[in-house]
Every structure is written in C-alpha cells, then in structure tokens.
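One chain comes next, on its own, written as structure tokens: the form predicted alone.
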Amino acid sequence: MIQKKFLLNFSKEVSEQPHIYHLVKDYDLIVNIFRAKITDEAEGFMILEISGEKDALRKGIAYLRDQNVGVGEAEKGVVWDEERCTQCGNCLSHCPTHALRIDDPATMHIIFDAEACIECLACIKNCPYGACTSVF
C-alpha cells in the first residue's frame, strides 16, 4: 500500500461530478481530504491524501485526469514567496512544524520546507508582507 498527497484543480465544468466517490468505490482507495474549496459552477481546489495499492492509485489518478481534473503531486495549498519575504521572522514562532525556519544561524535566512508544512495557515495570518499565501 502506498500513500500520496495531491492538489486537485477542478474547472467549473467538472466541479459538480462525484470524483472522490469514484476513487473510493471504483478503485478501492482511501481518501483523506485536508482542505477543499469547491462550489457549484466555479473552479475549485482540493488537497488530499490518497492511499491504496499502487496499481489502483495509478488507475484512480488516470481516471481523474481523463475527467479533466488537474492533478499535482506533493503540492501544497500554501505558497511561500521568497522574493516577497523580508526575513522579518514573524512567521517562525507560529509555524508548529518548523516548515518555516532558519537552518543557518550565520545567515539568518528563512527557508520553507514544503514537505514539513501541514497547512495550518498560521503563517498566512502572521506574515505582515503577504509572503505566505494560499491557492484557495
């Protein structure tokens, strides 16, 4: 069994279709939705983790792509803009997983580790310069 995280993009043409239902029912996949914003007749996004047998996961992702659902692997709904970041450090104490951190005290340069980010969105609320944003 494997487990992968995805960012799905739904165009307004496909946002009303039961895609997650088909992943579970037709491909025997386990779906854990972390964040979603999907409305009728509008573009939507969903961040989720899908678990299952490797072949079933491959077929499930192929199904989504055949249905014109955008599928990005290991993407985050949180985006850190390094050029916009002023290195003020206000975000550091609010990041519970240290996805935003200073690795080298000599440079005091802030880095963003997307793999460590759990998308709590605390950085968005606490960045006075808008360096952290959400795709939602």
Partner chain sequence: MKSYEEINEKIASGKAVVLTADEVSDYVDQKGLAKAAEEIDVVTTATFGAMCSSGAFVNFGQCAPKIRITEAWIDDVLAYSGVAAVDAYIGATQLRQNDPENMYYPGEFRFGGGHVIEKLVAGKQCQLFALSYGTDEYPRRELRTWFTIDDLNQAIMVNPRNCYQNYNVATNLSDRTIYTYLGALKPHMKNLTYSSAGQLSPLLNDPLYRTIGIGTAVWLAGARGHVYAEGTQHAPSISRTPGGVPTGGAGTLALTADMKQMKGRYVRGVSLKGYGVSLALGVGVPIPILDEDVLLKTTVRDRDIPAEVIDYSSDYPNKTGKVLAHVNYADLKKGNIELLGKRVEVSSMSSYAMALEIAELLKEEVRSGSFLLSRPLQPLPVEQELKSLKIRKEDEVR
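All values reported here derive from a predicted model rather than from experimental measurement. The term rigid core refers to the most C-alpha atoms you can superpose between the two forms while keeping them within 1.5 Å. Positions refer to the first chain, counted from 1.
The form predicted together with its partner chain exists for this protein as well; it is not shown, and the discussion that follows is about that form.
> Hey, in the predicted complex, does residue 18 get a heavy atom within 4.5 angstroms of its partner chain?
Output for residue 18 is no: heavy atoms all beyond 4.5 Å of its partner chain.
> Considering non-hydrogen atoms and a 4.5 Å limit, does its partner chain approach residue 89 in the predicted complex?
Output for residue 89 is yes: heavy atoms within 4.5 Å of its partner chain.
> Please run the contact check for residue 109 against its partner chain in the predicted complex: heavy atoms, 4.5 angstroms, yes or no?
Yes.
> Is there a non-hydrogen atom of residue 126 within 4.5 angstroms of a non-hydrogen atom of its partner chain in the predicted complex?
Yes, contact at 4.5 Å.
> Go through 37, 59, 98, 65 and name the one with a heavy atom inside 4.5 Å of its partner chain in the predicted complex.
Partner contact (heavy atom, 4.5 Å) among the options: 98.
> Which one, 83, 41, 55, 103, lies within 4.5 Å of its partner chain in the predicted complex by heavy atoms?
Of the candidates 83, 41, 55, 103, 83 is the one lying within 4.5 Å of its partner chain in the predicted complex.
> Just one of 44-52, 24-32, 90-98, 65-73 has residues with a heavy atom within 4.5 Å of its partner chain in the predicted complex, so point it out.
Looking at the partner contacts, the answer comes out as 90-98.
> What residues in 26-60 sit within 4.5 Å of its partner chain in the predicted complex, counting heavy atoms only?
The stretch does not touch the partner at all.
> Following rigid core alignment, is the displacement of the residue 88 C-alpha between the shown form and the other one equal to or greater than 2 angstroms?
Residue 88: C-alpha displaced by 2 Å or more between the shown form and the other one.
> If I superpose the two forms on their rigid core, does the C-alpha of residue 37 end up displaced by 2 Å or more between the shown form and the other one?
Comparing the forms between the shown form and the other one, which are aligned on their rigid core, residue 37 does not shift its C-alpha by 2 Å or more.
> With the core lined up, does the C-alpha of residue 125 move 2 Å or more between the shown form and the other one?
Yes: residue 125 shifts by at least 2 Å between the shown form and the other one.
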